[in-house]
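Heads up, the chain below is alone and in the form predicted alone; it's given as structure tokens.
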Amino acid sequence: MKTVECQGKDLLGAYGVPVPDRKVVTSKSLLGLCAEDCSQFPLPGMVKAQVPFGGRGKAGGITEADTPSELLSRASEMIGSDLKGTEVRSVLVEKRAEILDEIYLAVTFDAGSRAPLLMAGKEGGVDVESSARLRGEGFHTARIDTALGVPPYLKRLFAKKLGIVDAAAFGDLVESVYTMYRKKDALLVEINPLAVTPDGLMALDAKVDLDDGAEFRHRELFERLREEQKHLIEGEKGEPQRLAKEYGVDYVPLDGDVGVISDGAGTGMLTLDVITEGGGAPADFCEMGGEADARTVARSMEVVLANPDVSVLLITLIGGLTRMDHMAEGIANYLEENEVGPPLVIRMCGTKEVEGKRILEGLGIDTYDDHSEAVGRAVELSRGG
């Protein structure tokens, strides 16, 4: 489960991580009720769209407000607006912090070592990914032994490398983040930026992903978060996880922009690896199963293309138990009922492939026989090729 910022901050705050004073507004009607009494809103403040994807700052989803009238005007304008293809249904209004420095901090799961990974960088903020690549000396990682936790020397070492004067406060914050990561069975707890302010460290943004496989240990928490998200984000037609659950499609969101659909788990995993090796970034893992039909592929396309970050859709079909004419019919049905979106790259081979290719050719869609060639073309398109 992917949380939105306000939910992530609530979770972090419960474990002692400093977060700004804040208030969530979920509708213009509630905003109107507050128009006569702005004392309940923190000012000067930040007005931040609550949406289930990154990059909202550059897309206009974060703005400032110094006065009650500015706050009400800007929050009212933001609620109901379109942000990267998603309707903004809620905003977070929080106290603006005086930022002396910004840091990136996260604990995630390292699949290679099958252990938690502590990550931190000197430069937090919207461009942290590019800055970490360009100036790798400022980005630091360390695997965490789950039997020992985060040792004190490692907290002090990271504080020194990041230039944090109050190493004790930083160590306490890291301990709180890691404790929440373990106790809530998280896959990612990210603070970006972690701000250095005159009053100490403060989490100005939060991204928390929880392991769906551990839901049985946290049923009340998952139910509460899902209920909250009905009001916070789920009004838009295309929220991928909601659609995937509704349709029974196996879908795992990732952080890239190359949408992926496969007719088998093995093909899907291979495709993710080849995309990454080719310099691309997969947006998801979506696997239809070996007995998928036309409706399944159409629904899978709806799920994957509901992600506004997808710049190209790669469909890899090997045609063992699935019939390629059925797959082509599903693709055609989706395209007939929906507006043309990102470009399609389709690799098709196997049972009834001649018939399937004929259907797609009638729509002006070329197919690929070679898996690597198809992936390479998708990566090229994702880069604007």
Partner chain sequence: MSILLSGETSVLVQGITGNIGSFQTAVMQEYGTNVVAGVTPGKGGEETSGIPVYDFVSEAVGRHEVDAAISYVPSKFARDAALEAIDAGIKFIVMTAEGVPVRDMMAVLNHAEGRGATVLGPDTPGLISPGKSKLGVHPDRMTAEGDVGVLSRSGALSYEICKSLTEKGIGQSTVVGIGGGPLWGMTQVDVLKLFEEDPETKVIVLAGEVGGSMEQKAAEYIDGEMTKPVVSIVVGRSAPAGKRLGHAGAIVEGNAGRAADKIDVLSSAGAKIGRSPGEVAKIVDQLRG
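Positions refer to the first chain, counted from 1. Between two forms, the rigid core is defined as the largest C-alpha subset superposing within 1.5 Å. Quantities reported herein were computed from a predicted structural model and do not represent experimental measurements.
The form predicted together with its partner chain exists for this protein as well; it is not shown, and the discussion that follows is about that form.
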For Glu277, is any heavy atom within 4.5 Å of its partner chain in the predicted bound form, or not?
yes
Using 4.5 Å between non-hydrogen atoms, is Glu98 touching its partner chain in the predicted bound form?
no
Could you tell me if Asn192 has a non-hydrogen atom within 4.5 Å of its partner chain in the predicted bound form?
no
I'd like to check something about Ala168: if you look in the predicted bound form, is any of its heavy atoms closer than or equal to 4.5 Å to a heavy atom of its partner chain?
no
Among Leu187, Leu162, Leu72, Leu83, which has at least one heavy atom within 4.5 Å of its partner chain in the predicted bound form?
Leu187
Looking at Glu175, Glu223, Glu246, Asp250, which has any heavy atom no more than 4.5 Å from its partner chain in the predicted bound form?
Asp250
Please name which of the stretches 197-205, 303-311, 87-95, 143-151 has residues with heavy atoms lying within 4.5 Å of its partner chain in the predicted bound form.
143-151
Can you name the residues of 318-332 that have a heavy atom within 4.5 Å of its partner chain in the predicted bound form?
Ile318, Gly319, Gly320, Leu321, Arg323
Following rigid core alignment, is the displacement of the Val252 C-alpha between this form and the one not shown equal to or greater than 2 angstroms?
yes
After a core superposition, would you say Gly60 shifts its C-alpha by at least 2 Å between this form and the one not shown?
no
2 Å or more on the CA of Leu317 between this form and the one not shown, with the rigid core superposed, yes or no?
yes
Since the Cα separation of Cys6 and Pro253 moves by 3 Å or more in the predicted bound form, tell me which way: closer or farther than here.
farther
Note whether the distance between the C-alpha atoms of Asp10 and Pro253 decreases (closer) or increases (farther) in the predicted bound form, against the displayed form; the change is 3 Å or more.
farther
